[in-house]
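To begin, one chain is listed below as structure tokens, in the form predicted on its own.
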């Protein structure tokens, strides 16, 4: 009997010694900022503290546990830098110290972004499909945008009164997507003005916007078959100063008394100053911006307002170009997909299932 007990204790003792494992490895398929730590200790362990070496024999605790077998991922590290770790294990009558080290490195693909990749591929495929369908004659519904439908009314009123139209393409440079969208609307508006022999005035804040606006208006007059009616002096530079630019536009409104004002693009503190001055002259005013904090000022002072993404949809809405219509429809599919994922995610969270949230979380962090 004593032999069996001795054999039993030898097995337990040897297994407890062989179980003391502490490993550090680079986290796979990541951006090189994490290390995976794993330990296997005796079942009699009471406390496990893992520390990371800093400098001058200083160690900072990064994780603590009471489990004999466990794992932990240390994040927020620098790629291609070696890190040393120390495990302090406390037993009922003893203690144990284990050391290990590892170096995180970047992989060619970050698996945490897989959700983002799948969503991106779905949206891209949808855009390509809708562009292909639009080129083959498929009609897509786009809801009416009052601010764009009012262009004919504004041009007609300016023509009847013999007054010009004022168009302000925002206060940002060409590196702002809102300015690009504004110039697209300007192209359509300038073409209609050429057809009605109505002057259009375009003051610009930056030289690059000035050059682009002149080319856009010139091309619009050529498309309308009236290149000789184009007046380059009507598209001019004012100043780079924000409120100096606004003061110049206010002066134009008061002197020229335009029948219609268009404020399309990026606007900031000057939005209310511009819109109030235009309102005082009795002009029809149409504004559009993606700056959410300026929309209330335009809504209360202008006759029509393009809200947010309506400014970017204007190009497809006005031109009915198949490529732009298909792209717009594909982006709408992307928005619908995100809304669906949010709804499904909320339902799964209520049911206590977090798999979808964890899968998508890597795509947005």
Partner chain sequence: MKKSLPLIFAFLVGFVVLLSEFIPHRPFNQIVSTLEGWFMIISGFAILLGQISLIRMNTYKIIHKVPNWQYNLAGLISFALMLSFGLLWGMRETPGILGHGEGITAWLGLKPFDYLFENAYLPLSATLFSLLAFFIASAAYRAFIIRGLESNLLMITAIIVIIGRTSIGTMLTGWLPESLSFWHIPNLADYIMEFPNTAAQRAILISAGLGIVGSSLRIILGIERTYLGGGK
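Between two forms, the rigid core is the largest collection of C-alphas that superpose within 1.5 Å. Just so we're clear, the structure is a prediction, and the values are computed from it rather than from any experiment. Positions refer to the first chain, counted from 1.
There is another form of the same protein, the form predicted together with the partner chain; it is not shown, and what comes next is about it.
Proximity of residue 323 to the partner chain in the predicted complex: non-hydrogen atoms within 4.5 Å are present. In the predicted complex, residue 302 approaches the partner chain with a heavy atom inside 4.5 Å. Shown alone here, residue 80 lies within 4.5 Å of the partner chain in the predicted complex, counting heavy atoms only.
Interface membership of residue 38, defined by any non-hydrogen atom within 4.5 Å of the partner chain in the predicted complex, is ruled out.
Checked against the partner chain in the predicted complex, the candidates 103, 272, 99, 229 yield a single residue with a heavy atom inside 4.5 Å, and that residue is 272. Note on the partner interface in the predicted complex: the residue among 151, 201, 127, 194 having a heavy atom within 4.5 angstroms of the partner chain is 127.
In plain terms, the part of the chain that comes close to the partner chain in the predicted complex, with a heavy atom within 4.5 Å, is 302-310 out of 38-46, 64-72, 51-59, 302-310. Residues 30, 31 of 28-61 are found to place at least one heavy atom within 4.5 Å of the partner chain in the predicted complex. In a rigid-core overlay of the protein, residue 105 has its C-alpha displaced by at least 2 Å between this form and the one not shown. Relative to the superposed core, residue 232 undergoes a C-alpha shift smaller than 2 Å between this form and the one not shown.
Taking the rigid core as fixed, one finds a CA shift for residue 303 smaller than 2 Å between this form and the one not shown. Look at residue 177 and residue 114: in the predicted complex their Cα atoms move 3 Å or more farther apart than in this form. Between this form and the other one, the CA-CA gap for residue 177 and residue 116 widens by 3 Å or more, being larger in the predicted complex.
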